[in-house]
Ligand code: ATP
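As structure tokens, one chain now follows by itself in the form predicted on its own.
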């Protein structure tokens, strides 16, 4: 395996000082899979104060030194080096009640979550893999280290992480581990919302339809509003699937952009609350998009999602039933209102919604919508007031008073340009504006 030069240098520095040094955890897993690790962690039998002494010539980050971690800054990047340690007691289901440094790397690896993350490698010492992580990766199995119930009681976030690892790396969760994840899922209620949201985002952007169905007990624990959707019969001829299965299909059917995946996951979360049945026994969900947008906002606020992300998701959820048509004027108005990126996401969401019902859609205008959007974007569009060929100063010059009437006139001109009733040319716009001049200023 090939490690970056800075990482190798840190390991060599520790080895020359008489200590063992290994790359450990996720970076080893990713390298075995042929992937590029996002970061590199090292572990060593050197104590924290010994690590500091060895790297005394470097800038050090000591925020984690209490738990044995020293960050060494190399060319602007921080390489974390942690003393072998074991832990005991997790009263808050997250932090160890105590940490004890140990001389044997096997004891350190025994405290980790899954076997595929409990491997270490050194170019000098080879692999340390006491729990069979290499074989599990080869067999595409995700297995907890030791007793799975104990692992999840130590930190309940490992339940979501397990689902995320399985989805991202296409692993099958070993039966005992999966059963423990489901049985312990209520422990997630005690986790910080920010931690849940971070893992949830990584899971849903990687998940397939089958993942979302398999891990429904975990997802509905993280977002309780999804729970009533499981098995919910929509009593509608357009829908073959129950509400949760439809949602899983739509979520997996959109590109892996976070805002789009979240919008798909929550687009019908208001259906249960708006469900009615007519005299023929047919189900209806009048106004469910508005209720779904309201619930999506509440859910994302509770999970401490960033404001801009929340607003984007709520916008998409609230508009998903405003079906787009491949006609110039209405699509140009949507483009003006939403911008290119959001409009493309709305097209993708509506496409997935159509194809997530279990029946082939009667009509699907998605290709025409994208083609027309591309055509509109190639034209010299007037998508906002700032693109208008006249501004407030031009209207004041022909007699408009500053104030509300001026703003109303600019909006009217822009609307007529969008509808292609006027060209976006200065002389034509000024002539039209003159017709809107209040009589007392003529």
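Numbering follows the first chain given and starts at 1. Not measured: the values here are computed from a predicted model.
The same protein also has a form predicted in complex with the ligand, omitted here; what follows describes it.
J.: Is every one of 25, 111 and 169 in contact with the ligand in the model of the complex, taking contact as a heavy atom within 4.5 Å?
T.: Checked in the model of the complex: all three residues contact the ligand.
J.: Does any part of residue 117 reach within 4.5 Å of the ligand in the model of the complex? Heavy atoms only, please.
T.: Within the cut-off, so yes.
J.: At the 4.5 Å heavy atom threshold, is residue 414 in contact with the ligand in the model of the complex?
T.: No.
J.: Evaluate residue 158 for contact with the ligand in the model of the complex, applying a 4.5 angstroms cut-off between non-hydrogen atoms, and reply yes or no.
T.: Result yes; residue 158 sits at the interface with the ligand in the model of the complex.
J.: Is there any non-hydrogen atom of residue 50 lying within 4.5 Å of the ligand in the model of the complex?
T.: Taking the distances in the model of the complex, the answer for residue 50 is no, it never comes within 4.5 Å of the ligand.
J.: Given a 4.5 Å cut-off on heavy atoms, tell me which of 59-67, 402-410, 36-44, 384-392 is the interface stretch with the ligand in the model of the complex.
T.: Stretch with heavy atoms near the partner: 36-44.
J.: Let me know the one among 246, 202, 351, 297 whose heavy atoms come within 4.5 Å of the ligand in the model of the complex, would you?
T.: Exactly one listed residue reaches within 4.5 Å, namely 202.
J.: Just one of 215, 152, 84, 165 has a heavy atom within 4.5 Å of the ligand in the model of the complex. Which one?
T.: By the 4.5 Å criterion, the partner-contacting residue is 165.
J.: At 4.5 Å, heavy atom to heavy atom, what parts of 340-368 sit next to the ligand in the model of the complex? List them in sequence order, or say none.
T.: None of them.
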